[in-house]
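Starting off, we have a lone chain in the form predicted on its own, written out as structure tokens.
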């Protein structure tokens, strides 16, 4: 064995050690958000802080620096080459944050998530406010540590969507918003509206769960490598490619919450389950960015599961689990009603058309927070005003307004734009897929394996081997183009509302 291969093997063993801490941390975080008893949460936060500090130490250790120095530009192993690149960026970012400061921040995030649940339950933003103020200060400080070229917010955005900047978003989002607002105006003026009351029947949670499990199975989700559980704020989490868990939230008066939410998280899970095994226990064994990740969840939730073709195939299955009242609901009426466009207070309940407007509200507020243009105490009023400006509705409570998302309480500033980017990516991917197969027929036939395989070959298998914009260019042959999303929504809703 040559010195080079010995060093490479040592590096891979070091990555396995780091991966073991990451897996343990993910398992604890999953438990904290699902079944952990309330009294145990404070000590759980301490454990999360301890493990996070260990990971931070490994990422910034002299040993890691030595691997980077010795292997950078010297290895022919493509996986090690890209792993070194990821580790070097991680090293450079984390080395700028004092270890104790990082531990305190992680513990604050964990505690803040618990307070968020209490504040949401009590409909009281002031409970969360002091924690959020500290989190904003930390994120500003970290952004300064990391550095940026034009806008401090870019340092945070880079964490979730490398290659995309505030400058890009400030050019794309207004154009998208204008197109969506114009289409929304036409829809509001239409006299051919769906009847949403036909969906308002009590739907037992256990029956919703059975239907959701069956759809996940048909999508190709591997239950030998995952599970479905209940939580307050749905998420998917990957411990490794053979243990990717999905959570959902049930509303017995509105099945759409659980059904489409489960499919959404299932899209995330399919991505993680189908990353190449060759990348296991390396920093490449995860999605390349949150935008690409969201493209997969939104692809399945909206472009597949909200399509007429999907329900042509699955409506009878749905009715076998649904209350008897749905027996009298015609397929076409059902399809139009689940695609009703109506401004809503809650992002995860938003329809396809208004969804991105919810994201723009959050993006503009968090960008202003990080730039010091607004203060945390003013968020509820500013949130409500932007909701009224963009969606024409004003939240009547903190629970339906500023407290509905867990992201900020978890310290995830810079995350929200990935939802809108993901939707634009998804429409662009869908357009490319139509060039290779009759997508409508494939969905109508329930042949999801063809869709899953195409996504796996073109996107999933690479993990972080490719950057997000590289994947977009490789798959679609062009850079970000919001027009595909505008075209998709215009075509679909012109038919539904007979514009």
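Bear in mind that the values here come from a model prediction, so they are computed numbers and not experimental data. Positions refer to the first chain, counted from 1.
The form predicted in complex with a further copy of the same chain exists for this protein as well; it is not shown, and the discussion that follows is about that form.
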item: Partner-contacting position among 195, 133, 222, 381 - heavy atom within 4.5 Å of a further copy of the same chain in the predicted complex; value: 222
item: Interface residue in the predicted complex among 479, 9, 20, 491, criterion: non-hydrogen atom within 4.5 angstroms of a further copy of the same chain; value: 20
item: Contact segment among 74-82, 298-306, 320-328, 223-231, judged by heavy atoms lying within 4.5 Å of a further copy of the same chain in the predicted complex; value: 223-231
item: Residue 178: touches a further copy of the same chain in the predicted complex, heavy atom cutoff 4.5 angstroms; value: no
item: Exercise: residue 243 in contact with a further copy of the same chain in the predicted complex, heavy atom 4.5 Å; value: yes
item: Residue contact check: residue 39 to a further copy of the same chain in the predicted complex, 4.5 Å heavy atom; value: yes
item: Contact of residue 24 with a further copy of the same chain in the predicted complex (heavy atom, 4.5 Å); value: yes
item: All of 158, 172 and 360 with a heavy atom within 4.5 Å of a further copy of the same chain in the predicted complex; value: no
item: Contacts with a further copy of the same chain in the predicted complex - residues in 101-133 whose heavy atoms fall within 4.5 Å; value: none
